[in-house]
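One chain follows as structure tokens, the form predicted alone.
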């Protein structure tokens, strides 16, 4: 089979799953939007019948205004060289989804990272412990409702820092000309 004939075959195969929306994003990229409860069936179909053996990433988007998270599963086929991006939406509260670790072992890495950064919990994942932010005690920092500046102001003792060397630079016309608090007004 040529690469050109596989993409339509992929679309035909994807039509076995009800309620999904398929959009070509390019000659080697296909976006699939589907209900969260349908994702495991899609992943099994792609892995078992279409040769998508490589889960290259799981990414998360916080749609705070819609009170949802969007998870995007990026699956690559070495045979067809076509990327499938499967998009699902989940409620932010309770922020729980199923692990796909049983299908794709690299999922453990991505799920643990998303758990740490967004607070989304993956049932069945082998490890939801701290990962990169081992000493972090704050809320998940990638959530849009996390106010990094307020958190820093609450947890650190800020002091005015205006050393003599900076005063000399400012006297020559350099240094910070617009302070961050002026930009936010």
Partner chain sequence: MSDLKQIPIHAEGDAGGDPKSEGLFTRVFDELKAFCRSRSLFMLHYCTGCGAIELPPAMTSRFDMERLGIQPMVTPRQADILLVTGYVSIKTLKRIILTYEQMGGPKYVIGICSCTVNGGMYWQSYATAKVLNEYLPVDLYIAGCMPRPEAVITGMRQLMENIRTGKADNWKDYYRRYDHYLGNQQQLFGERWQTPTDVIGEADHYGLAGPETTGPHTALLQQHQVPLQPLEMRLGSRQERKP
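Residue numbers count along the first chain shown, from 1. Think of the rigid core as the biggest set of C-alphas that the two forms share within 1.5 Å after superposition. Because the structure is a prediction, the values reported are computed rather than measured.
The same protein also has a form predicted in complex with its partner chain, omitted here; what follows describes it.
- With respect to its partner chain in the predicted complex, the three residues 61, 72 and 78 uniformly fall beyond 4.5 angstroms at the level of their nearest heavy atom.
- Think of it this way: in the predicted complex, its partner chain has a heavy atom of just one of 26, 129, 48, 148 within 4.5 Å, and the residue is 148.
- Looking at residue 161, you'd find a heavy atom of it within 4.5 angstroms of its partner chain in the predicted complex.
- Within 4.5 Å of some heavy atom of its partner chain in the predicted complex lies at least one heavy atom of residue 141.
- Although the partner is absent here, residue 35 lies well away from its partner chain in the predicted complex, with no heavy atom inside 4.5 Å.
- Under a 4.5 angstroms non-hydrogen atom cutoff, its partner chain in the predicted complex lacks residue 66 among its neighbouring residues.
- Partner contact region in the predicted complex: 152 to 160, out of 152 to 160, 119 to 127, 27 to 35, 49 to 57, criterion any non-hydrogen atom within 4.5 Å of its partner chain.
- Looking at 126 to 141, the residues that come within 4.5 Å of its partner chain in the predicted complex, counting any heavy atom, are 132, 133, 134, 135, 136, 141.
- With the core held fixed, residue 166 shows a CA shift of 2 Å or greater between the shown form and the other one.
- A movement of the C-alpha atom of residue 49 falling short of 2 angstroms is seen between the shown form and the other one when the two forms are aligned on their rigid core.
- Superposition of the core reveals a Cα shift of 2 Å or more for residue 154 between the shown form and the other one.
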